[in-house]
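Just one chain is shown here, as structure tokens, and it is the form predicted on its own.
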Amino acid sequence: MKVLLLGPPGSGKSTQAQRLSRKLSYFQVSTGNLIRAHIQSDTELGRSIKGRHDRGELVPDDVILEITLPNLEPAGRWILDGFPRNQAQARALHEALEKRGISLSRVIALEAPDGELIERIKGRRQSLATGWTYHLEHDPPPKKRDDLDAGPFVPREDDTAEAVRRQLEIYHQEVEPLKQHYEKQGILTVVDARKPIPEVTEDILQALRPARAD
């Protein structure tokens, strides 16, 4: 299974990718986490993209490809979160997978109104230990630090109101058209992200069952 999650910021892509990876024993490939890891580690690549990232702007395609493609193992079972984010990246992903003799099994598109997404993001927290994403109300981080995730749990640097509005604008312009692209391939399922987190997870699992049976 090769699964792709699409959705605007705040729709729960990372949360659902985390839950699905645990339930299905799939490898989660989060471009956002990969980017933030480079920034936090102060690598040369991280320094070159920090300004763009903090302003909520898209990271250049060649950088995204450089950090993402090595994680998409042909024999692996993975869930890709945060990539592709435009038509050029979708083509690059298709070409890279085709060279490996594989293709996407299912594309899940999470949907919710912009106003609700902006409110959600106010409560979003990320673990500096694991990169996992939580929400203070809907999916709170562990109250006690443990071996699974010791935290600390902090707001993301790109979760400012201005950055989120910019991210949503970019999403509608660049990412949302990809739904039609994958719908034409017959592998798209749209899921209502306004539901409680466990219900969204179950809806995604339901969408994956036919492909999992192949």
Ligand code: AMP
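The first residue of the sequence shown is number 1, and the count goes up from there. Just so you know, these numbers come straight off a predicted model, no measurement behind them.
The next section is about a form of this same protein that is not shown, the form predicted in complex with the ligand.
Not displayed here, the ligand is approached by residue 32 to within 4.5 Å at the level of heavy atoms in the model of the complex. In the model of the complex, the ligand sits within 4.5 Å of a heavy atom belonging to residue 58. In the model of the complex, residue 188 stays away from the ligand, with no heavy atom inside 4.5 Å. A residue is said to contact a partner when one of its heavy atoms sits within 4.5 Å of a partner heavy atom; residue 85 meets this definition for the ligand in the model of the complex. The stretch in contact with the ligand in the model of the complex, judged by heavy atoms within 4.5 Å, is 75 to 83, chosen from 111 to 119, 135 to 143, 75 to 83, 98 to 106. Only one of the listed residues (47, 165, 156, 179) places a non-hydrogen atom within 4.5 angstroms of the ligand in the model of the complex, and that residue is 156. Shown here without the ligand, the chain has only 13 in 1 to 15 lying with a heavy atom within 4.5 Å of that partner in the model of the complex.
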